[in-house]
Every structure is written in C-alpha cells, then in structure tokens.
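Just one chain follows, in the form predicted alone, and it is written as structure tokens.
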Amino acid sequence: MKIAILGYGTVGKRLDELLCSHPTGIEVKKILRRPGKAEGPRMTESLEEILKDPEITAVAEVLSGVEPAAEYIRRALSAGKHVVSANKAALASDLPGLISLAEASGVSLLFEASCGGGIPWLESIKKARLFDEISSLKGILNGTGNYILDAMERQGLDFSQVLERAQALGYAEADPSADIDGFDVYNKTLISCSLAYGGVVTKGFPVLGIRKVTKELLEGLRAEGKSLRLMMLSRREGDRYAMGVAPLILPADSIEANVQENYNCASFTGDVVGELKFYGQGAGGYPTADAMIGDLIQLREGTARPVELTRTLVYDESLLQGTGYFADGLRKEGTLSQLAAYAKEKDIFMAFSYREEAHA
C-alpha cells in the first residue's frame, strides 16, 4: 500500500522513519511540505499531486490546528483516499461531517492517534461498543497539564515555575493555552464521547483549565488526603449524557492521582465488561506514529471498523453534579455546568469534586 504524509514535523518524521525501517507493507510515496521545504523526489508542495496519484490509496495527516488540515482531510476523502489523522483539533471541528463524507466517498477515516497518543484508547472504545453500552468516561488526556499539577503537588512549586520548566523540556508550547486552558482535552473529549455513545455530541460543554491554580489550594487538598488532576469526565444514562473538562479532585490513593509527569490515564465503563483503564505515553513522536501505523495496517488488511454516529443524544447537565472548590475558599454545590459558569463569571480558579454516589 502506498501512502502520502501531510506534514513533516515531529510526528511526520517519526512516522516516515518507522515505515521506512519496518516491514509493514506500507510505502511512503509522497510527503507534503510547506512552500520552500520540499526537497528530494518524495517531497512536494502540491496536495493536488497527491490526490491525483492513483497509486496513493491513503494519506496520513499530521498537521497542527484546524485549517488547512480539515480542508485537506475533506479533499482527500472526496478524492477517494483513506485518511488517517492525529489532528484532534481538525477532527473535532466537524467530526460528524467528516465521518459522513468518508462514508459517502466509500473510504475510511481513522484517528486512533488523536486521543491518548500510543494508548489504544479509541480502538478499545470501538471494540467495546460492539457489545457493551458505555455509560461513563473519565481520564487524564493531556500530558502537559498533568506534568504541571504533578510537579506542583510533589515539589511544592508555583504554577509559573513549572510551566517554564515544561516549556524548556518541550512538554508545553510557547503559547500553552490549548493545554493549560483545557481546550486540548476538550477536543479529545468530544471525539471520545462521540465514539463511546455512538451519536453527535454537543460542542457547548463546560471547559475549565489550570491557568490560575495555586500551590496553596493544592496544599489544602493534600492536607485533606486529596489530589488534583486535569481530566475529562462524562456520564450517560440512556440517550441522556453530560460531559466536561475540569481540574478534578481525587482521593490521593486513586490510580489517577498517582499518574506522574506527562503520562496519560483514561478509563471507560461498559455495562458488561465493567471499568477498563488505559495508561501510557499520551503524546510524542513515536507513540503517536505508532498509533497511526496501527490504523494504516488496518487499512492495508481491510479490517478497519467503520465509525457510526447514528444515536440521537440529549445533553443533560444534571448527570454531572458535585462540589466546586474555588480559589477564594468558597465551596459550592451544583452541576459542573453551573459551577463552571460561576467560576468564569467571577474569573477565579475552580476544582470540581464529582459526586458519583448521586448516580449509583
């Protein structure tokens, strides 16, 4: 099988390297690069050259941001090319539309690498849904946010100190907004819940980040035997569901509270299989490329599972209730949506303690 890679950053280079050095039966024929960067016979600046090549049956999209990545995905699908993508922002911008376009074009859209890096997160959700009804998801799906909170907790450092260190190590971008304000996890939550619940989910769910977290708040939680992690959280009952992104308060002895540095840990609950947890490197060139190669091998073997978003779902914020811990010392009961709205109105940091027993 011959493919093209769209983009040649960290992931694109690792993907090319691994496919060239391992006997996968997959050949990289073309690599799309920015103008002025295309050097050598495999490099090109022209997407049209790739789309018009009948030998290229799939493209691996490893660009960043929504555009032009989303448009490139649409054009590739419309041209009858399978697409494997690691770009959660482009996918989340119009996941139902992209899935419908792939179906109409008779090709596959696969995106295991978009959530959890090398962790087999989405593939496990798709496999579980063959028989199980998934009722909840939660998890740490951003290594940068986890690195910051873990270092603040264990080393007693201020947010700004740890962020600077994360940037020096390459864990955080020069503009870290997507990671520390929760929007990276937002995209992954939208994708994960769409697959888990088999329907189109709303884009208007609460998102809180960690930009204003203080070491004093973390010290107070630690004194109560608690910890804090930036996490996605979702629950479904029948066709009703709720989801959100927030710094979640956890028992200090829980598995998630002990996920250190830039690792990820996510879980879902099926009605038959029960709760399953997944742990590992959630980002980086090699783990992400590994997940993309798994998708490409499925395409080569013809074993890719189609994604269907056919269930009609209704958003019900009452499914996520608990306590908001605010930076000014206030503790307030309510739904995550209500508490997040209050935090944004007052422009203060909030951590959320989910009341699971309310749904037992």
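Keep in mind it's a predicted model, so treat the numbers as computed, not measured. Note that residue numbering begins at 1 and tracks the sequence as displayed.
There is another form of this protein, the form predicted in complex with a small molecule, and it is not shown here; the text below is about that form.
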Under a 4.5 angstroms heavy atom criterion, identify the one residue in Glu133, Glu71, Glu173, Glu275 near the small molecule in the model of the complex. Glu173
Of His82, Arg236, Arg229, Lys88, the only residue with a heavy atom within 4.5 Å of the small molecule in the model of the complex is Lys88
According to a 4.5 angstroms non-hydrogen atom cut-off, is Ala102 in contact with the small molecule in the model of the complex? no
Check whether Leu141 has any heavy atom within 4.5 Å of a heavy atom of the small molecule in the model of the complex, and answer yes or no. yes
Would you classify Leu149 as touching the small molecule in the model of the complex, given a 4.5 Å non-hydrogen atom cut-off? no
Close approach of Ala283 to the small molecule in the model of the complex, 4.5 Å, heavy atom: yes
So if I measure heavy atom distances to the small molecule in the model of the complex, which of the stretches 210 to 218, 250 to 258, 153 to 161, 179 to 187 falls within 4.5 Å? 179 to 187
